[in-house]
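Structure 1 and structure 2 below are the same protein chain in two forms, each given by itself as structure tokens.
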Structure 1
Amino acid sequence: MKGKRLLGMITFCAIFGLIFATTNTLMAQKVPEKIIIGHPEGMSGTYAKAGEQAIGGVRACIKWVNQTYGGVKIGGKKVPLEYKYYDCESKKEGVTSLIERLITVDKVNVVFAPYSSGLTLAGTPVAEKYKMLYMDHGGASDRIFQQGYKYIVQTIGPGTRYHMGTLDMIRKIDPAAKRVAMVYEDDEFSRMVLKGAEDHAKKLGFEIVFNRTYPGKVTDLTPVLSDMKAAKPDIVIGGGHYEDGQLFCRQMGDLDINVKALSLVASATLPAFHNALKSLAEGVMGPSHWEYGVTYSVEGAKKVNLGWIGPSQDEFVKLFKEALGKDVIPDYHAAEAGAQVLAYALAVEKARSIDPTAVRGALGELRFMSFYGAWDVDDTGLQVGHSMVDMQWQGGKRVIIWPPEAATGKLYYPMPTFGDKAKGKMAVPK
């Protein structure tokens, strides 16, 4: 009787051990002729949307490297890239354990950080411990790069720059528009944008007439927008993530707050923005790291003395749609994650090695252009080469209106009133 119990206990322990053992060996069969990119991305939870885009972008560019480019050249051989990703559920616990799994079990050669500054930070101690190259495609906080980390490199541009171009543009087009209202979400990323915009606006001689934040996951912005209306701004800049941006524009319309220009971070640049708001979205602008329609090309790269790599924009979009199996136009989350693959491939070729320390060194010296634009990082790993573009909704299409060298159309200014927009007026320049 006792023996039977004991046997039961032993079986229990054995099963327990087996779970560990299999966790360890499953998917561990590494093929030495491959370079593996690991990615603990948030596919569910708060950042599911951006996560899906990023994975699509990475897969599209890996396919391009393997099929069109023929693989990454090291030691006279062309080595294909492979992609290994898990879902961290947009939670910090998942990030640390999955990064370690990617490094030790899947033996990846580089880890791509998950979307958002917080989750990117959560993974840094583990990546640094393993001296693993850690590439950041979705953590825009400048503060990540002030911590003295050695193995982190940024592809997305720093947060402080988001609204600088918008302000430059308006300064140039309408010097009479002086009164700026800033209404941002109250979180780490948006505050970074706010701070950069605030400093830049003061430098350009704007008058900041309203400066407030709203909490995350907000469902009604009426009080803060009514307050803003009383300040009579010419220009409104603000936003935070996704739903709040839609709400922002919608409720400005509800309250009949008409301004000359409205620019919202993140949400305004996504197709969902126009799908949800229809004609109310007309004339709304947004800063973006990349937009479908940017005019970066091989010739353009030559002009500024940069090497070119990667698919053309249309090729990228095609590969992206294949990768996701959906007919959606990629947004900047996809483009920056994709460009990161190209940067890595180039750096490996430059370093002639897949050793993370060597590749990190090569990335520091690398400068190139792709469909995503220019790429250059400073000593801390902060992205300094990439410039942002500004887009505007014109007749249901996203048109790039700034900077002039990347623009695909002219700015429609001032923005039509919400009353006109509700009647179906489009912000298409004549």
Structure 2
Amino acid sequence: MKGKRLLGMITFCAIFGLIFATTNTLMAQKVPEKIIIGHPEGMSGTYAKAGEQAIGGVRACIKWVNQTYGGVKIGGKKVPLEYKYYDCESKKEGVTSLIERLITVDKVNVVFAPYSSGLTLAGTPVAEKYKMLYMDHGGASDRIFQQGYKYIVQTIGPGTRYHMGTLDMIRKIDPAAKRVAMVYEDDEFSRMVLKGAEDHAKKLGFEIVFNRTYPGKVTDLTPVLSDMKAAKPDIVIGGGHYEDGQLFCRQMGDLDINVKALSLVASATLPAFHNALKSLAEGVMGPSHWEYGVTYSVEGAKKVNLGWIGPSQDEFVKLFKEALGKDVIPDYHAAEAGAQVLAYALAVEKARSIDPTAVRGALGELRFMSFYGAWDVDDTGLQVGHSMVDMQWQGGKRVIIWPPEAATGKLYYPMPTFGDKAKGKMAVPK
């Protein structure tokens, strides 16, 4: 009897051991040797400046995940991230063909969208066709998330919110400033910014004295700016991207259009903006998703009951400089792209899988903070957890001036006239 029991126990243990060994083998087979991030980005063409920043940010955070974090944990194993990127030349056809190549040839596990709403939207149907997770670091248009797509998730904040903080700030510091001019590029992203700014300005009681768009790749803004000058605005908000934003500011100077405040989206925040315009950039503002000096930290995350991941701000800046091989401070284009790497790593760990559908579901459940700020997306994939700041060029430096709790300096207001700036006047508060 005892022999039978012993034999039964041995048989049970053998079977259990076989099942356990088989399960472990299957799990080991499912855990990849590496996780590949694919990325078609504008390394040349219209969005090259922002594209360079984005690639630097991604490379910086991949290095942090691999070397400091130890890799992405799946099934008890730490898996390294690999980065495969191509130049889409800032063209829609480049985006669509490269996404197809990344998925079918390079066998990537996730695709990061290129910078700009137009390019991001162009690639979305391709990612959807392959049921591939498509993470959006640079497409801010709300409309992207109103099409019913299931695999796109946003890291950058919605376009409709870009100039809300700017208008709140002006209303608070100068209630007498009433007349607002809105002049934006006629593209997917900028139209969304315009819509949000227009609605918010009316809500705050501003008078919109000028409201117009200009074509993409514009080479002369003199006609529209001359008409704007005749409207005598106190405040000017507008822009679209780097090249037209630089032209906007330069030709306002040529026409000697002096206003109390000028805020330009997507261009004013780039280091290249001040490098190109020098003193003309002084006092110009821009809404930003991140600026060097923000105070997001482990302690701050604890105060709002959020988990923390990633490098500190200074660690990120160091890694970014190493990635680009340049002594340049990253701007928000780099920070949002880098933060996307961190979100993806957390989602893979939460899903315990690299399956795009499972990781997409995990991204919708994540709530955390990084050096870039908070993360939270709604059911459509729209980013609703991240808050923006406003910066201003002061003495050749980007200074955070809004909101008060994030500010690293005081707003210089009203901004210097273009005549004074031509004589070397800096927008540095006393």
Partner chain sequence: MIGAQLTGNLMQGLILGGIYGMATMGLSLIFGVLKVVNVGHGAFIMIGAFITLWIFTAFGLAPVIAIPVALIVGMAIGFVFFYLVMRRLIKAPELASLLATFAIGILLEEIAKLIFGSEFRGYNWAVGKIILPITVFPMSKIYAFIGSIAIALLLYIWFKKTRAGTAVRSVVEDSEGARVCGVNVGWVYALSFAIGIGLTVTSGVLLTMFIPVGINPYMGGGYTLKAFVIAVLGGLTSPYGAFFGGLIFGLIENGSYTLFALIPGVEAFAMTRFLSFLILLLILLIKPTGLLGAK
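Here the rigid core means the biggest group of C-alpha atoms that line up within 1.5 Å when the two forms are laid on top of each other. Source: prediction; values computed, not measured. The first residue in the sequence of structure 1 is number 1, and each one after it adds one.
### Message
Between the pair I just shared, point out the form predicted together with the partner chain.
### Response
Of the two, structure 1 is the form predicted together with the partner chain.
### Query
After fitting the core, how far does the CA of V218 move between the two structures, in Å?
With the cores aligned, its C-alpha sits 2.3 Å away.
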